[in-house]
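Next up: just one chain, as structure tokens, the form predicted alone.
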Amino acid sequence: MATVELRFSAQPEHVRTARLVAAAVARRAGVDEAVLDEVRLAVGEACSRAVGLHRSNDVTTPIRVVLTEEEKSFSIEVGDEVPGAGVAAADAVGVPGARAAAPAEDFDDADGEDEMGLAVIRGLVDDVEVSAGADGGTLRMTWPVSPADVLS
């Protein structure tokens, strides 16, 4: 299992870098060329979402992006450190420690954007997991890979 980890400050201009790194690592992992645009778009949306959460809640810690190549899959986790924010109640159902318990009035301004961002990501990626807790949230996206297509 190969892993690449990227951390960046919550600045919108860094989202493009995360997208480029994600696409390069996905290509190297064997993700189908036809899916790479979806990887780029999904990572851009997830990172923009995390940047927005950090900025609107005055969180100064870096956004974390972990890209993991496994035998039959490639996954990307985008983590924020905003406790209790950013997951709509419908997305939190069945998620241990989900952010639905957070007071909604604290996050009203970002709520609509956040829900739209999650909807876009779910439209681009078949396998999406959203989790959250007191230390922040993680959005995990997974794509299949073809081991025979992995570049050396």
Partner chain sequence: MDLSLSTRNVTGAGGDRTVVEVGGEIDVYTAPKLREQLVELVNDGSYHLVVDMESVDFLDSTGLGVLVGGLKRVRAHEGSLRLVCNQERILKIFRITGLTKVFPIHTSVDEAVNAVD
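Residue numbers count along the first chain shown, from 1. None of these values were measured; they are calculated from a predicted model.
The form predicted in complex with the partner chain is left out here; the points below concern that form.
Only one of the listed residues (G84, G117, G30, P62) places a non-hydrogen atom within 4.5 angstroms of the partner chain in the predicted bound form, and that residue is G117. The contact with the partner chain in the predicted bound form, taken as any heavy atom within 4.5 Å, belongs to V15 out of M141, V15, A132, A22. Shown alone here, V66 lies farther than 4.5 Å from the partner chain in the predicted bound form, counting heavy atoms only. The closest heavy atom approach of S48 to the partner chain in the predicted bound form falls within 4.5 Å. D37 belongs to the set of residues with a heavy atom inside 4.5 Å of the partner chain in the predicted bound form.
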